[in-house]
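The data below hold one chain only, encoded as structure tokens and taken in the form predicted on its own.
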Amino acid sequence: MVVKVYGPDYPSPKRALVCLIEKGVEFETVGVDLFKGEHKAPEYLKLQPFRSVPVVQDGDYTLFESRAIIRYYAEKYKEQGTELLGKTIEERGLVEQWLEVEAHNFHPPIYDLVLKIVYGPFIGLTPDPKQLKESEDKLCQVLDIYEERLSKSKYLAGDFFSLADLSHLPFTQYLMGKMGKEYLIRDRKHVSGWWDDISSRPSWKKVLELWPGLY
């Protein structure tokens, strides 16, 4: 059966979409309008009790949380499409390491910036400049570490594109577009080159073309 991906217009589901495209897996999308509260509907809560996107349905199998989803499909279809997990256990360890860095170090400050600057106006929030600066400073600290890492390897986990890089695409795109904070990337030579590389992949271009969201 064709995989169903819920919520394609939002950033986190785009992790799942780009992974499925890289792996050559057929899928269809199901819209979920968060602003209209569709994520709180009883039928949706049966799929995702925490009221967030994405959710995937793969036959009788349902899975939520975007990083769990991309890990699942990278493993399930390991023998087809782009190798996203690494070819050795050591490479896999580095992929997992940098995926955790993305989730726990990179994501919190960039999510805060995106929520306040991009989505805030839709829900009547006025960003606090002090809080924005704190989040940007935290993000800069992470990007400085990335700059050092990427001065030694082409991608975060080594010299191959992996889930660790893929997972950064949806939220970093906001810096380069609607938020006007591309300097956070461009001021760092190796981070800038890395971004140009991963964001130019046909899979990501297709996602942006079909589901532009608020970029």
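Each residue number is its position in the shown sequence, starting from 1. Quantities reported herein were computed from a predicted structural model and do not represent experimental measurements.
The form predicted in complex with a further copy of the same chain exists for this protein as well; it is not shown, and the discussion that follows is about that form.
Comment: a further copy of the same chain is not present in this chain, but in the predicted bound form one of Gly180, Pro49, Gly31, Gly59 has a heavy atom within 4.5 Å of it, namely Pro49.
Only one of 65-73, 185-193, 31-39, 171-179 places residue heavy atoms within 4.5 angstroms of a further copy of the same chain in the predicted bound form, namely 65-73. Although the partner is absent from this view, Tyr146 contacts a further copy of the same chain in the predicted bound form, with a non-hydrogen atom inside 4.5 angstroms. At a distance threshold of 4.5 angstroms between non-hydrogen atoms, Val101 is in contact with a further copy of the same chain in the predicted bound form. Not displayed here, a further copy of the same chain is approached by Gly93 to within 4.5 Å at the level of heavy atoms in the predicted bound form. In the predicted bound form, at least one heavy atom of Val142 sits within 4.5 Å of a further copy of the same chain.
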